[in-house]
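So this one's two forms of a single chain, laid out as structure tokens and tagged structure 1 and structure 2.
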Structure 1
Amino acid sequence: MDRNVNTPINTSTGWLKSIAWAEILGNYGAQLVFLTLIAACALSTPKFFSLGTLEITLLDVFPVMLVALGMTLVISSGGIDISVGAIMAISGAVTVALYTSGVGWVLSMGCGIGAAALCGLFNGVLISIFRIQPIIVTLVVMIAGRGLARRIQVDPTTSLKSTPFDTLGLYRIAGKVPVQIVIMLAVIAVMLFVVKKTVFAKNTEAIGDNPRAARLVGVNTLTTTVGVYVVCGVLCAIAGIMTIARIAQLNAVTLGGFIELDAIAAVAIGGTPFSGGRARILGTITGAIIVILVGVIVGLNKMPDDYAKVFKALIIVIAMWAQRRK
């Protein structure tokens, strides 16, 4: 049961032995896999090291990164959220429905994010008050949410050409850096701060580790659990809205489809234990990039996307093996 990975290493038996290889592999497995992958890419893909490749990778990674960061928090609280894709679709559908009915674009986006926060609230309340298993609650939201998003949208696809969203999606800060990349860096910074420095994250991990003990030491499990799912929902909303802006089209059926799988894979590769109790943000960041990078490499080598799926599975297995705890 001892999950403490910060045990001091016995340094008296020579420096080479003092390097706990298992420890390094366990703690930095994702980073090691990442470096290996980069090396493999550099060998296999011509012109791999270029700003263009970096830009494409970061643009592709954007939605998965945001969702995976939220997912890390959720998983560290001992839960899981498979409704993330549906929440993306709902926020997108609400935003576009309001915008097309004449509401200003900023307010529409605010309402889209609000709708996602409500979904998160629903998840959190059902999980912490009604004590329903997180996978069941979020499964319900996943199924119902997708249907709801389709009802809100009415049309199968809605064009956002020549709207502020169109401009926003391709906007480059200082004419160089796509806005998505800047948002992503900002979210990463905030999440790192939250997880490393705030009581909220400590409470979340405490709940994930042992909910009863957490309650007994005075952690408010209700507000913390709700908070976790709301944060996850809001991150999904940002991912969803920026995705529809990027393509200048809303398709509530495909928006955020299967993103929960990529996000969960990113968290797994990053080494956050699924039993809860620990959020490894840096690991998730690496994990998200790995998950997407595989697809980019396959695309750059003009191979069919099907290979990416097999490689992804392989990498998950390798990462899990590297980080296995004895």
Structure 2
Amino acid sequence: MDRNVNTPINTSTGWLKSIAWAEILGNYGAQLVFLTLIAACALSTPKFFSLGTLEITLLDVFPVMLVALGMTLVISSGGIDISVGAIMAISGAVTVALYTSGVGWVLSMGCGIGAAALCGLFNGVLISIFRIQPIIVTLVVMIAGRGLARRIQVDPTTSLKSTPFDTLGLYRIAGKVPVQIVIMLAVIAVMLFVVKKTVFAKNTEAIGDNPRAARLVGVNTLTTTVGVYVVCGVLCAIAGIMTIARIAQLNAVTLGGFIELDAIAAVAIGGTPFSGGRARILGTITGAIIVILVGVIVGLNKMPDDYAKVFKALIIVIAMWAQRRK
């Protein structure tokens, strides 16, 4: 008699525990992984918490962070953008080509950002007007864009030493803080404001949640979708231009190589659902840092770089499993 009475209670308790763990993994999984990696880095090297190591890590995070933030908006709209690396290369190639031809460096940068915005416009128009799947559209831009960037760049190893770009890449605010870190913090602040306070972000999430319902309630799906891909393109341009400024060199073949995978990984780890409908900016920030920390741990332990890709893939699988459980 007692066994029959207690059995459903035990079953219910086990179910509740399962739900609780799913909630923990879904809401705090990225933070748990982040703390684990921080502990692993601290154990791997006694100087991990030094200012020098922190600065290098943040500089490495910079391009992935910017691209991942743009990718977060795209994914929250129900789309995907695998052309971000190629857009970085196009922006960098246009910027350097104009500068080496005699155009001022500020105007060259503006044109490079404009070229990236046009790529985003192209993506958004094909997706919203012609209803082509985002993965197909951005795959086309990824392939064609990389080839276009290589054609724009005449010299495959253009050096920018002793130029305004070199100065920009090494510039420090108040002589202490690298300009890349300040730009990254500014972009994060803007993206947090956009997602939390603007109608644009709410419309983006509405499209990702249910495009038909969004149209029925008056959301302009065309301008919103195009705007999302343009914003992503602009962030790619900033990441690309500042990357070539930091290394004082442009190679259109390698600039932004595989960054789309790191950006998607950061978004997945951060908990933004790939079905759309929600943008988790703080999660993406944590995810981007995790992606870089994985590489740091691999490097500190003198392991081949290929292991970093394996570990990132494993983390993505765990993150997606946690989302499904939630």
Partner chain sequence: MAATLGVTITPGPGRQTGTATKDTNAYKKRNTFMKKALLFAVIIAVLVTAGAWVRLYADKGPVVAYSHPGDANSWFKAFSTELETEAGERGYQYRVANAQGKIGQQIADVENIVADKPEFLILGPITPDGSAAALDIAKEAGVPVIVVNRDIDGVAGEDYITKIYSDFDWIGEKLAELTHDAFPAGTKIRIVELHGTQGSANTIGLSRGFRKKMEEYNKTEIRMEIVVSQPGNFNKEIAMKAMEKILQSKVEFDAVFCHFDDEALGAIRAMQDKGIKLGDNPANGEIIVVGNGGTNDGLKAIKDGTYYKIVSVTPYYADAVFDAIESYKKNEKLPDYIRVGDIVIDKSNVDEQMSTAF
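Here the rigid core means the biggest group of C-alpha atoms that line up within 1.5 Å when the two forms are laid on top of each other. Residue 1 is the first residue of structure 1, and the numbers go on in sequence order from there. Quick caveat: nothing in here was measured; it's all calculated off a predicted structure.
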Chain form predicted on its own, by structure number: 2
If I align on the rigid core, how far apart are the two C-alpha positions of Y307 between structures 1 and 2? Answer in Å. 3.0
